[in-house]
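Okay, here we've got a single chain as structure tokens, the form predicted on its own, with questions on binding and movement later.
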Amino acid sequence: MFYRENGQFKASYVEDLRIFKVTQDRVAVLALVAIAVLLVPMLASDYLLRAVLIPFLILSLAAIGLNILVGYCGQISLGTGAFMAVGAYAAWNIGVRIPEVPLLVQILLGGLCATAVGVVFGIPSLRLRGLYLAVSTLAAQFFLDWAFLRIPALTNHSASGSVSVGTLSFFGLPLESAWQKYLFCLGFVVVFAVIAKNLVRTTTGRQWMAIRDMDIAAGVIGIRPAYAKLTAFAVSSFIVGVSGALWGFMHLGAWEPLAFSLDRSFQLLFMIIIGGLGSIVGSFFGAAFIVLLPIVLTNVPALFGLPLSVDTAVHLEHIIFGSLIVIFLIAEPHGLARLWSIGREKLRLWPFPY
């Protein structure tokens, strides 16, 4: 009964265009952000921050970027891990060669480098679609993996392609402890999630969705497919590149090209399929599922006296991922986000039938 819209009138276009039109939704989101900013750093352990929350935030950001391309524009990509690698290595190179550049600027410039690479590999999308486009983005994954291993200048002449970051600071404030890195990543995720949510509601976002639904019809009504597809690749690659820089700087600290392999690309694709294609909140659901499932498979059976070996847990993880992808594609293509939406609608009408 508490989730009602009675008496909540919209007296202007600004109120009607709000992201959260129901007051309860706005209060819940603000409370969630306040808890994440104020309580989580004080109450969460270092293990929870480093092993769960920081990876969850960064993968959520990467999933948002991929969802813009796949979920909103309908352009399949299997090279997301490579674009994350471009953002990470570009930000690292800028920091090594120009140490005076602030960390925030390094990460954003890494995202811009990923944007340039993403647009280059997005050009085939002007002539290809479906499986053929997926194969062309897969070529980006293989090429960039080779580049970071074989071109010494990209890794400052590291033989194995492995690099490491030094002491991190944000405008003079150190970023050493887990809670400091967590808050840094949280700031990026909140800002980019709000930007992405507003962007998909603009003219550009509507053009992406028109291309996704039927590109020929979109061209007939005056939408430029080349502009729509390349802007989707650009925005998606920028967000993914920023997430790659955060993954390297805040989570790994030292990495090699294998950290952004094809497995990472498939993992992100699984996130948006399970969480929900064409949904910003679905990106968070998918990332939470991917991050928490291995922990659940490792710890929950042990509580019942049935500990699983690492190999068994990994095999079960793959089985569950594959099964859920098939189930969601058949039964609920919009993923966990759609189930969440259905639950909200039921709560709004409860206890009355519909």
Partner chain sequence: MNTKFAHGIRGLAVAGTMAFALTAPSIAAAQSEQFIPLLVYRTGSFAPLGIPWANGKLDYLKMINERDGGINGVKMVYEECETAYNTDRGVECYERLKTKGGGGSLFDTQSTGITYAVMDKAPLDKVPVMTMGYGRSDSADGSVFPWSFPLLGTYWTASDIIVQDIAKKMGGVDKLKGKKLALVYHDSPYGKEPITALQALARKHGFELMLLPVIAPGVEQKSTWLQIRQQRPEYVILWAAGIMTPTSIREAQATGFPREKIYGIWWAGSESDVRDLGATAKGYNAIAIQGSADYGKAHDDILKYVYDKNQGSADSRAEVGTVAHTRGMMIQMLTVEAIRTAQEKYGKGKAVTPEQVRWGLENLDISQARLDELGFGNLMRPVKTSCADHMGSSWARIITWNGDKYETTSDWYEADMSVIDPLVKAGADKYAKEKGITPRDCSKE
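Only a predicted model underlies this, so the values are computations on that prediction, with no experimental measurement involved. Numbering follows the first chain given and starts at 1.
There is another form of the same protein, the form predicted in complex with its partner chain; it is not shown, and what comes next is about it.
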4.5 angstroms heavy atom contact with its partner chain in the model of the complex for residue 149: yes
Is there any non-hydrogen atom of residue 323 lying within 4.5 Å of its partner chain in the model of the complex? no
* Should residue 102 be classed as touching its partner chain in the model of the complex when contacts are defined as heavy atoms within 4.5 Å? -> no
If you check in the model of the complex, is residue 40 within 4.5 Å of its partner chain, heavy atoms only? no
Checklist entry - Each of 12, 23 and 231 near its partner chain in the model of the complex, meaning some heavy atom within 4.5 Å? => result no
Only hit among 288, 36, 44, 314 for heavy atom within 4.5 Å of its partner chain in the model of the complex is 314
In the model of the complex, the residue from 188, 284, 247, 121 with a non-hydrogen atom within 4.5 Å of its partner chain is 247
The stretch from 231-239, 271-279, 162-170, 108-116 that lies within 4.5 Å of its partner chain in the model of the complex, judged by heavy atoms, is 162-170
Within 50-76, the residues having any heavy atom within 4.5 Å of its partner chain in the model of the complex are 50, 51
